[in-house]
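Before any questions on binding or motion, here is one chain by itself as structure tokens, the form predicted alone.
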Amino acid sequence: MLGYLAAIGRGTARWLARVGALARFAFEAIESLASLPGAGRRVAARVLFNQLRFTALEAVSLIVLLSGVLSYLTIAATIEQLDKVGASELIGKLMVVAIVRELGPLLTAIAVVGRSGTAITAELATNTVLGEVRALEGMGIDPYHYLVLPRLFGAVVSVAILMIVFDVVAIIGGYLAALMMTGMSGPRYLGIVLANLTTRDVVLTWVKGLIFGVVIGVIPSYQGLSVRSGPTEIPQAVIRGTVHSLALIFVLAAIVVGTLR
């Protein structure tokens, strides 16, 4: 019994140590923004631009596909049944709560983790293994300025942009489903959706997007820079970064829903 409790204690201590290290990494990354020099801002801005192009612009087609198919299938599967019982007005609630507020930020974050989070971890892990991080430190350049901050802000901004794309496409996809299944007019459909969209829904959506963006920027960067052994550790770091990011995103989504509902 004592051995079992000791194992639980050791596991808990290791978990708390990892959480503390991750929190310290995030705090130091954000704190380094205050010491970013003028020349460093220009370099960081170029890295940020490239990050936005890869994470946001090049992912638009994927988000459009996910959002369009999801919204079309969801509305098509429910609106005909709702219309039969005179409850077609509920599609507005379904669209706003289930798709825009809940699935929109979650699926957007999952797509960004799978596409860009893995790339961030692999890139920073490779930089670490090749000694580029030590070279930056040797030249007096803070790795946070050049490697972490642009990716952190790029992830936050990209998730926000892609969430807007997701929501717009979802509303359009839902309308196409409603039009094909029941012949519902555009003004009526839009009126139903807007009638169910509240300020609270908008705030919850953006809070989730901000939190998910920070997670995607911090955890893959942390895992990438934590590589020490050699090239064989890079795939392991990518797996850790992806799994930990997804797990934390799901947990935080549940916490936000439970706290702010």
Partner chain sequence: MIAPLIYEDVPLHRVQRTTYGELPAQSPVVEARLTLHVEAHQTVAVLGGEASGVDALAGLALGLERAPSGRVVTLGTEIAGLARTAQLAFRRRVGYLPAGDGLMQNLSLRDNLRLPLRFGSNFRPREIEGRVDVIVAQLRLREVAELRPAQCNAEERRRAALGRACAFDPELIVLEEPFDGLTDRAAGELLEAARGGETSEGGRRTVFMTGASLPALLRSRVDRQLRITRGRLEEVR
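Positions refer to the first chain, counted from 1. What you are looking at is a predicted structure, and each value in this text was computed from that prediction instead of being measured.
Note that the form predicted together with its partner chain isn't included here; everything after this is about it.
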Query raised in the report: Candidate spot 172, 183 and 188, all three in 4.5 Å heavy atom range of its partner chain in the predicted complex?
Result: no
Report summary line: The one option of 142, 102, 80, 89 with any heavy atom within 4.5 Å of its partner chain in the predicted complex is 142
Report task. Could you tell me which one of 76, 98, 136, 165 places a heavy atom within 4.5 Å of its partner chain in the predicted complex? Result -> 136
Requested in this report: With its partner chain left out here, work out from 191 to 199, 62 to 70, 208 to 216, 24 to 32 which stretch has heavy atoms within 4.5 Å of it in the predicted complex.
Outcome: 24 to 32
Report task. State yes or no: in the predicted complex, is some non-hydrogen atom of residue 37 no more than 4.5 angstroms from a non-hydrogen atom of its partner chain? Result -> yes
Query raised in the report: Does residue 153 make contact with its partner chain in the predicted complex, using a 4.5 Å heavy atom cut-off?
Result: no
Requested in this report: Examine residue 43 and determine whether its closest non-hydrogen atom to its partner chain in the predicted complex is within 4.5 angstroms.
Outcome: yes
Query - is_contact(residue 127, its partner chain) in the predicted complex, heavy atom dist at most 4.5 Å - result: yes
